[in-house]
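The data below hold one chain only, encoded as structure tokens and taken in the form predicted alone.
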């Protein structure tokens, strides 16, 4: 593989055996090494901090302390970008979204790791153990290259959360079958046959007025059938709209090409897919039409028992099954998200990848780099990754873990995550990603709130992308 010197011996080392450093012998006297890490504030990173505090011991003998700065998701990019551009050099590691790679690599902030990987068979084994989709999308820059900058802190994808007391209710199943001539999905294999059209049927079927019959009881309040991301903040609408575009056979601008975005992002296929995205919102709670339905809003609506099924990230599923946080903890199950049915009857479930790699910054000295890479190896070891899946609300992209025969049983949402990982794609990694994303989110929000049509939104996005990309010299 270009850029890496793999050996047969290195390939034989599994991530499960990697628990410590491979750089230096223990120093004559232990030192205090503090690793400050910026990370989004949610269960997968909270678990990492707690597990580090419980179990981590540096093999160098140093007293290593990991201090995570937990930042709310809606302001995560802005906070990190402000820190990096200020020159304050606050963080030694950062949990980064993959699309930030171009901006912060080109800006000189993220450390290229190839020479450290080349020198360390244990890190080579980690790379060899990573699922290919994570190497392509989350760890390399340029996109799909072998220039490595990160390792997966948490891989994520979108799955269906649904109420078993409703979808498995005999009366509801009979009524749905009578109306739509299809099974109301209760079992995992039934959800594997759900496309976006049936998702709309589910939305219509379970949208009920307060006091209406619902399952074996009545709706305490107005009740809604479905919900998915439709939020103006960060990349919330984009993640869902890109997914439905790809599902329909459309595409976004390809950063490996020099062709314009016009005619791609605003193609007829894409317009139709976005129109379906907008149309299905009518079966969602009213907040959907305000541009505020982000990943945490829909999570909360579901946990409060106000919606029958949602599509959301695995990363927010942990609290859903916590009876202290969720009214539906004992009546929730998980399945693959819907997709678009193709002419041969199969379903395309291409989806915008979630989750984040963690990276090292360029201003660290050798000792901090070596200790930080040892933290990476500890986190990606099989025992820690297994505990993360079983207890920490997370998932793993390490093949030695993901391919374990028991993986699908380790959490209620592990099977759906594992089945989905093959479908994952990513948005742009180029340095211009944030203005592209911001303008696109603004236009999508105008369409969601009824100010413009799907075609007007995508035409505006195409024009802006062409202008921005041409000024950057990325298209002819």
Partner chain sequence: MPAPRSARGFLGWLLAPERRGPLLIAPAIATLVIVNIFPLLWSYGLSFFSYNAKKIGVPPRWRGLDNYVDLFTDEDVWGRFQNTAVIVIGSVAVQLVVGFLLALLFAREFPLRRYLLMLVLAPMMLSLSAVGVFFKLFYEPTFGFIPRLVQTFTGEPFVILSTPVKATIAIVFADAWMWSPFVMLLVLAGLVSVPKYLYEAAEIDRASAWRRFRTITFPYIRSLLLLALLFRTIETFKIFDVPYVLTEGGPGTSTETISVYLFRVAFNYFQTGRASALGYIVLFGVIVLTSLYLYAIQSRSSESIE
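Positions refer to the first chain, counted from 1. Please read all numbers here as calculations on a predicted model, not as lab measurements.
The form predicted together with the partner chain is left out here; the points below concern that form.
- Not displayed here, the partner chain is kept clear of residue 368 by more than 4.5 Å at the level of heavy atoms in the predicted bound form.
- Interface membership of residue 165, defined by any non-hydrogen atom within 4.5 Å of the partner chain in the predicted bound form, is ruled out.
- A residue is said to contact a partner when one of its heavy atoms sits within 4.5 Å of a partner heavy atom; residue 445 meets this definition for the partner chain in the predicted bound form.
- Using a 4.5 angstroms threshold between heavy atoms, residue 216 stays clear of the partner chain in the predicted bound form.
- None of 114, 292, 364, 145 but one reaches within 4.5 angstroms of the partner chain in the predicted bound form through a heavy atom, and that residue is 292.
- None of 275, 222, 204, 251 but one reaches within 4.5 angstroms of the partner chain in the predicted bound form through a heavy atom, and that residue is 222.
- In summary, the region of this chain contacting the partner chain in the predicted bound form, judged by heavy atoms within 4.5 Å and restricted to 126-134, 264-272, 227-235, 192-200, corresponds to 227-235.
- Against the partner chain in the predicted bound form, the set 109, 301 and 434 is in full contact: each member has a heavy atom within 4.5 Å.
- Residues from 436-469 that approach the partner chain in the predicted bound form with a non-hydrogen atom closer than or equal to 4.5 Å are 438, 439, 442, 445, 446, 449, 451, 464, in the order they occur in the chain.
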